[in-house]
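Below you'll find only one chain, the form predicted on its own, shown as C-alpha coordinates.
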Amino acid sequence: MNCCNNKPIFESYDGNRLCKIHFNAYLEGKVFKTIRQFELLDKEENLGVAISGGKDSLTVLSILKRLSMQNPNIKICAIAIDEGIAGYRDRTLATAQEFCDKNNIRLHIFSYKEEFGLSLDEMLKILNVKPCTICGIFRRYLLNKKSKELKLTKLATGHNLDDECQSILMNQMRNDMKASARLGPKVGMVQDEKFVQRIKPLYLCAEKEVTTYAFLNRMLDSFNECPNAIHSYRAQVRDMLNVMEQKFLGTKYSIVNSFIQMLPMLKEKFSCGAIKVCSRCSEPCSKDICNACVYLERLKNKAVSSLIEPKPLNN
(Lines give C-alpha, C1' and ligand atoms only; values in the text may rest on other atoms or scores of the structure.)
Protein backbone atom coordinates (compact mmCIF):
# COMPACT_ATOMS: atom_id res chain seq x y z
CA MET A 1 0.00 0.00 0.00
CA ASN A 2 1.08 3.57 -0.62
CA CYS A 3 1.62 5.85 2.38
CA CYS A 4 0.23 8.91 0.58
CA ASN A 5 -0.37 10.34 -2.87
CA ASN A 6 3.32 11.11 -3.38
CA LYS A 7 5.43 8.82 -5.55
CA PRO A 8 6.78 5.89 -3.48
CA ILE A 9 10.54 5.33 -3.56
CA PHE A 10 10.95 2.51 -1.04
CA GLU A 11 9.04 -0.56 0.11
CA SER A 12 9.54 -1.29 3.79
CA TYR A 13 9.93 -4.72 5.35
CA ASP A 14 6.21 -4.76 6.30
CA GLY A 15 5.15 -3.99 2.71
CA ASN A 16 4.42 -0.26 2.97
CA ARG A 17 5.53 1.79 -0.04
CA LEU A 18 6.96 5.07 1.22
CA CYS A 19 7.62 8.43 -0.41
CA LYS A 20 10.80 10.34 0.41
CA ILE A 21 9.27 12.31 3.30
CA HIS A 22 7.73 9.27 4.95
CA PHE A 23 10.79 7.10 4.34
CA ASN A 24 13.03 9.65 6.09
CA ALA A 25 10.62 9.72 9.02
CA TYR A 26 10.50 5.90 9.03
CA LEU A 27 14.28 5.43 9.19
CA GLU A 28 14.92 8.27 11.66
CA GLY A 29 12.12 6.94 13.85
CA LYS A 30 13.71 3.48 13.79
CA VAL A 31 17.05 4.94 14.91
CA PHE A 32 15.47 6.95 17.75
CA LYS A 33 13.51 3.86 18.85
CA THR A 34 16.75 1.83 18.90
CA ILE A 35 18.42 4.48 21.07
CA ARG A 36 15.51 4.38 23.54
CA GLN A 37 15.03 0.61 23.50
CA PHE A 38 18.67 -0.21 24.25
CA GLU A 39 19.37 2.94 26.31
CA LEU A 40 22.26 3.94 24.08
CA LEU A 41 22.42 7.57 25.24
CA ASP A 42 22.11 9.33 28.56
CA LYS A 43 20.67 12.81 29.05
CA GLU A 44 24.15 14.32 28.91
CA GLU A 45 26.85 13.07 26.54
CA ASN A 46 30.12 14.19 25.02
CA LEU A 47 29.43 12.01 22.00
CA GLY A 48 31.86 11.06 19.29
CA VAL A 49 30.84 9.53 15.96
CA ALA A 50 33.33 7.36 14.10
CA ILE A 51 33.04 8.24 10.42
CA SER A 52 34.71 7.11 7.24
CA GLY A 53 32.87 9.26 4.71
CA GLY A 54 30.69 6.31 3.68
CA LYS A 55 26.91 5.96 3.68
CA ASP A 56 26.54 4.35 7.11
CA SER A 57 28.71 6.71 9.11
CA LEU A 58 27.36 9.86 7.42
CA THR A 59 23.79 8.67 8.02
CA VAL A 60 24.32 8.06 11.72
CA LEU A 61 26.24 11.34 12.08
CA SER A 62 23.43 13.26 10.36
CA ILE A 63 20.71 11.77 12.58
CA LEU A 64 22.71 12.18 15.79
CA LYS A 65 23.52 15.78 14.85
CA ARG A 66 19.79 16.43 14.62
CA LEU A 67 19.34 14.83 18.03
CA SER A 68 22.08 17.02 19.53
CA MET A 69 20.38 20.12 18.14
CA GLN A 70 17.21 19.10 19.98
CA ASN A 71 19.14 18.36 23.18
CA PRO A 72 21.97 20.84 23.89
CA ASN A 73 23.26 18.53 26.66
CA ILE A 74 24.39 16.08 23.99
CA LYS A 75 27.52 17.51 22.38
CA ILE A 76 28.81 15.86 19.23
CA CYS A 77 32.02 15.60 17.22
CA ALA A 78 33.34 13.24 14.55
CA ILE A 79 36.43 11.03 14.47
CA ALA A 80 37.97 9.65 11.29
CA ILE A 81 40.90 7.27 10.88
CA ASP A 82 43.18 7.66 7.87
CA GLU A 83 44.60 4.17 7.39
CA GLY A 84 46.55 5.20 4.32
CA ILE A 85 44.78 3.34 1.51
CA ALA A 86 45.82 5.09 -1.69
CA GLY A 87 43.03 6.12 -4.04
CA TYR A 88 40.31 5.30 -1.54
CA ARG A 89 40.62 6.80 1.92
CA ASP A 90 41.71 10.20 0.63
CA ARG A 91 38.44 10.47 -1.34
CA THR A 92 36.19 9.34 1.51
CA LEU A 93 37.92 11.65 3.98
CA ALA A 94 37.32 14.57 1.63
CA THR A 95 33.61 13.65 1.62
CA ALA A 96 33.62 13.42 5.42
CA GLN A 97 35.33 16.80 5.81
CA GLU A 98 32.91 18.46 3.39
CA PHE A 99 29.92 17.02 5.25
CA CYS A 100 31.25 18.12 8.65
CA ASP A 101 32.06 21.63 7.42
CA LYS A 102 28.59 21.97 5.94
CA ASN A 103 26.92 20.83 9.18
CA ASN A 104 29.21 22.67 11.60
CA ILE A 105 30.63 19.48 13.13
CA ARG A 106 34.21 19.33 14.33
CA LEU A 107 36.13 16.50 12.67
CA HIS A 108 39.23 14.95 14.23
CA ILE A 109 41.40 12.94 11.82
CA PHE A 110 44.09 10.55 13.05
CA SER A 111 46.36 8.58 10.73
CA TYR A 112 48.29 5.31 10.88
CA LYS A 113 51.25 7.10 9.32
CA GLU A 114 51.41 9.71 12.08
CA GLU A 115 50.63 7.36 14.97
CA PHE A 116 52.50 4.21 13.90
CA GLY A 117 55.05 5.47 11.37
CA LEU A 118 53.57 3.49 8.48
CA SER A 119 50.45 3.65 6.34
CA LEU A 120 48.37 0.48 5.88
CA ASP A 121 49.63 0.17 2.30
CA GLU A 122 53.21 0.23 3.60
CA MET A 123 52.42 -2.30 6.33
CA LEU A 124 51.02 -4.74 3.78
CA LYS A 125 54.26 -4.56 1.79
CA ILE A 126 56.15 -5.76 4.86
CA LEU A 127 53.82 -8.37 6.37
CA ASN A 128 51.96 -11.13 4.55
CA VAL A 129 48.69 -10.78 6.46
CA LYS A 130 45.04 -10.28 5.59
CA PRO A 131 44.48 -6.51 5.21
CA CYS A 132 41.27 -6.44 7.28
CA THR A 133 42.91 -8.24 10.20
CA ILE A 134 45.77 -5.82 10.78
CA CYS A 135 43.70 -2.79 9.79
CA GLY A 136 40.95 -3.66 12.27
CA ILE A 137 43.42 -4.06 15.13
CA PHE A 138 45.05 -0.67 14.58
CA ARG A 139 41.73 1.04 13.86
CA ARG A 140 40.09 -0.17 17.08
CA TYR A 141 43.24 0.76 19.00
CA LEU A 142 43.25 4.33 17.70
CA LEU A 143 39.52 4.87 18.09
CA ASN A 144 39.62 3.91 21.76
CA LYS A 145 42.84 5.78 22.55
CA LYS A 146 41.81 9.01 20.81
CA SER A 147 38.27 8.87 22.22
CA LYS A 148 39.76 8.84 25.72
CA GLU A 149 42.08 11.72 24.86
CA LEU A 150 39.07 13.70 23.61
CA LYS A 151 37.23 12.82 26.85
CA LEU A 152 34.28 11.31 24.99
CA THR A 153 31.60 9.57 27.01
CA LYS A 154 30.50 7.32 24.12
CA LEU A 155 31.50 6.57 20.54
CA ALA A 156 28.78 5.86 17.97
CA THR A 157 29.60 3.77 14.92
CA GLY A 158 27.73 3.22 11.66
CA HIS A 159 27.31 -0.55 12.00
CA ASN A 160 23.95 -1.59 10.59
CA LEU A 161 21.81 -4.73 10.81
CA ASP A 162 23.65 -6.39 7.90
CA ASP A 163 27.02 -5.80 9.60
CA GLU A 164 25.80 -7.35 12.85
CA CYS A 165 24.25 -10.31 11.06
CA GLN A 166 27.55 -10.99 9.29
CA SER A 167 29.50 -10.79 12.56
CA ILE A 168 27.11 -13.20 14.28
CA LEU A 169 27.50 -15.81 11.54
CA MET A 170 31.27 -15.33 11.25
CA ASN A 171 31.67 -16.01 14.97
CA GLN A 172 29.38 -19.03 14.73
CA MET A 173 31.42 -20.48 11.86
CA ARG A 174 34.64 -19.89 13.78
CA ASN A 175 33.19 -21.32 17.01
CA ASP A 176 34.01 -18.04 18.75
CA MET A 177 31.02 -17.31 20.98
CA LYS A 178 33.16 -15.20 23.29
CA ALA A 179 33.53 -12.71 20.43
CA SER A 180 29.75 -12.77 19.94
CA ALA A 181 29.29 -11.87 23.61
CA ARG A 182 30.94 -8.53 22.81
CA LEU A 183 28.43 -7.74 20.05
CA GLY A 184 25.05 -6.05 20.37
CA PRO A 185 23.82 -2.43 20.28
CA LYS A 186 26.26 -1.67 23.11
CA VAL A 187 29.69 -3.14 22.38
CA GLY A 188 31.58 -5.05 25.06
CA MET A 189 30.75 -7.11 28.13
CA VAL A 190 31.67 -4.70 30.93
CA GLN A 191 31.89 -0.95 31.35
CA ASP A 192 35.37 0.18 32.27
CA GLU A 193 37.09 3.55 32.15
CA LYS A 194 39.78 2.00 29.96
CA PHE A 195 37.20 1.63 27.20
CA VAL A 196 34.99 4.33 25.70
CA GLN A 197 31.56 2.73 25.33
CA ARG A 198 30.68 2.08 21.68
CA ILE A 199 27.10 2.17 20.51
CA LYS A 200 25.33 1.24 17.25
CA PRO A 201 22.28 3.47 16.60
CA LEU A 202 21.75 1.84 13.15
CA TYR A 203 21.61 -1.62 14.74
CA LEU A 204 18.13 -2.46 13.42
CA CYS A 205 18.46 -0.63 10.09
CA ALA A 206 19.13 -2.78 7.03
CA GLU A 207 21.97 -1.73 4.74
CA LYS A 208 19.46 -1.20 1.93
CA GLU A 209 17.58 1.30 4.10
CA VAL A 210 20.73 3.18 5.09
CA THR A 211 21.93 3.35 1.49
CA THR A 212 18.57 4.72 0.37
CA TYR A 213 18.60 7.35 3.11
CA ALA A 214 22.14 8.49 2.26
CA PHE A 215 21.43 8.91 -1.44
CA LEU A 216 17.99 10.48 -0.95
CA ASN A 217 19.49 13.11 1.31
CA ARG A 218 22.44 13.75 -1.02
CA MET A 219 25.13 12.64 1.39
CA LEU A 220 26.71 10.57 -1.36
CA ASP A 221 26.63 10.58 -5.13
CA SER A 222 28.53 7.29 -5.52
CA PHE A 223 29.32 4.17 -3.53
CA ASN A 224 32.95 3.48 -2.66
CA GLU A 225 34.09 0.20 -1.11
CA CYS A 226 37.51 -0.41 0.39
CA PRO A 227 39.66 -2.20 -2.22
CA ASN A 228 40.81 -4.64 0.49
CA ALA A 229 37.24 -5.74 1.30
CA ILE A 230 37.13 -8.33 -1.49
CA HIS A 231 39.85 -10.33 0.27
CA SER A 232 37.91 -10.60 3.53
CA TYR A 233 36.00 -13.49 5.04
CA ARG A 234 33.21 -11.01 5.81
CA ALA A 235 32.63 -10.33 2.10
CA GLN A 236 31.93 -14.00 1.47
CA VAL A 237 29.54 -14.22 4.43
CA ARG A 238 27.85 -11.02 3.22
CA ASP A 239 27.25 -12.47 -0.25
CA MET A 240 25.86 -15.69 1.24
CA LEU A 241 23.44 -13.75 3.46
CA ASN A 242 22.29 -11.60 0.55
CA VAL A 243 21.40 -14.73 -1.41
CA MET A 244 19.45 -16.11 1.54
CA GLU A 245 17.66 -12.79 2.08
CA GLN A 246 16.66 -12.70 -1.56
CA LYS A 247 15.17 -16.19 -1.33
CA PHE A 248 13.74 -15.87 2.18
CA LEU A 249 12.74 -12.29 3.01
CA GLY A 250 13.43 -11.42 6.63
CA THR A 251 16.35 -13.80 7.14
CA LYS A 252 18.69 -11.07 8.42
CA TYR A 253 16.11 -9.64 10.83
CA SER A 254 15.41 -13.11 12.20
CA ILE A 255 19.10 -13.82 12.83
CA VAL A 256 19.70 -10.53 14.65
CA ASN A 257 16.45 -10.62 16.65
CA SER A 258 17.11 -14.18 17.85
CA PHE A 259 20.67 -13.19 18.73
CA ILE A 260 19.42 -10.28 20.87
CA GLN A 261 17.44 -12.79 22.94
CA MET A 262 20.55 -14.92 23.52
CA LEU A 263 22.94 -12.02 24.15
CA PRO A 264 22.30 -11.64 27.93
CA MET A 265 23.18 -15.32 28.44
CA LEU A 266 26.35 -14.96 26.37
CA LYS A 267 27.45 -11.91 28.35
CA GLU A 268 26.85 -13.75 31.62
CA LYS A 269 28.72 -16.86 30.47
CA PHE A 270 31.77 -14.99 29.19
CA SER A 271 31.85 -12.15 31.71
CA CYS A 272 35.40 -11.37 32.74
CA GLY A 273 37.01 -9.82 35.76
CA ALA A 274 39.29 -6.82 35.80
CA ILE A 275 40.46 -5.54 32.42
CA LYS A 276 44.19 -6.01 31.79
CA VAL A 277 46.40 -3.35 30.23
CA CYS A 278 49.23 -3.80 27.78
CA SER A 279 52.65 -3.81 29.45
CA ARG A 280 54.02 -1.69 26.59
CA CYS A 281 51.40 0.92 25.74
CA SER A 282 48.97 0.69 28.70
CA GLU A 283 45.95 0.26 26.46
CA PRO A 284 43.38 -2.39 27.49
CA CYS A 285 43.91 -5.92 26.21
CA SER A 286 43.22 -9.55 27.11
CA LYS A 287 46.90 -10.59 27.17
CA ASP A 288 50.12 -9.13 28.56
CA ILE A 289 50.84 -7.39 25.24
CA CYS A 290 48.09 -5.99 23.00
CA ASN A 291 47.75 -7.02 19.36
CA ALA A 292 48.70 -3.54 18.16
CA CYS A 293 52.08 -3.77 19.90
CA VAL A 294 52.56 -7.34 18.67
CA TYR A 295 52.05 -6.28 15.06
CA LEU A 296 54.26 -3.21 15.45
CA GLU A 297 57.03 -5.48 16.72
CA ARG A 298 56.58 -7.78 13.72
CA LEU A 299 56.66 -4.77 11.40
CA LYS A 300 59.82 -3.49 13.05
CA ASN A 301 61.56 -6.84 12.72
CA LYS A 302 60.66 -7.15 9.04
CA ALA A 303 60.92 -3.50 8.06
CA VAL A 304 62.74 -2.78 4.82
CA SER A 305 65.11 0.12 4.38
CA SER A 306 62.81 1.93 2.00
CA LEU A 307 60.15 2.37 4.66
CA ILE A 308 60.09 4.41 7.83
CA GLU A 309 60.57 2.28 10.94
CA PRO A 310 57.33 1.84 12.92
CA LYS A 311 56.91 4.02 15.96
CA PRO A 312 56.62 2.42 19.42
CA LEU A 313 53.30 2.99 21.16
CA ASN A 314 53.97 5.32 24.07
CA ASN A 315 52.37 5.00 27.50
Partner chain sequence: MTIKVKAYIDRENRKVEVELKGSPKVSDLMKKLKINPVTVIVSRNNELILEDGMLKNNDEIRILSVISGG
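All values derive from a computational prediction rather than experimental measurement. Numbering follows the first chain given and starts at 1.
This next part talks about the form predicted together with the partner chain, which is not shown.
*Is the gap between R106 and the partner chain in the predicted complex 4.5 Å or less for some heavy atom pair?*
No, no contact at 4.5 Å.
*Classify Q70 as contacting or not contacting the partner chain in the predicted complex by the rule of any non-hydrogen atom within 4.5 angstroms, answering yes or no.*
Taking the distances in the predicted complex, the answer for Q70 is no, it never comes within 4.5 Å of the partner chain.
*asked:* Residue-level question: is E11 within 4.5 Å of the partner chain in the predicted complex, judged on heavy atoms?
replied: Because a heavy atom of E11 falls inside 4.5 Å of the partner chain in the predicted complex, the answer is yes.
*Non-hydrogen atom contact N171 with the partner chain in the predicted complex at 4.5 angstroms*: Contact with the partner chain, no.
*So which of 71-79, 121-129, 239-247, 145-153 is the stretch with heavy atoms within 4.5 Å of the partner chain in the predicted complex?*
It is the stretch 239-247.
*What is the one choice in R280, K55, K65, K30 with a heavy atom within 4.5 Å of the partner chain in the predicted complex?*
Checked against the cut-off, the match is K55.
*Contacting member of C226, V196, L161, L93, with respect to the partner chain in the predicted complex [4.5 Å, heavy atom]*: Exactly one residue meets the criterion: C226.
*Residues of stretch 61-88 in contact with the partner chain in the predicted complex (4.5 Å, non-hydrogen atom)*: Result: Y88 alone.
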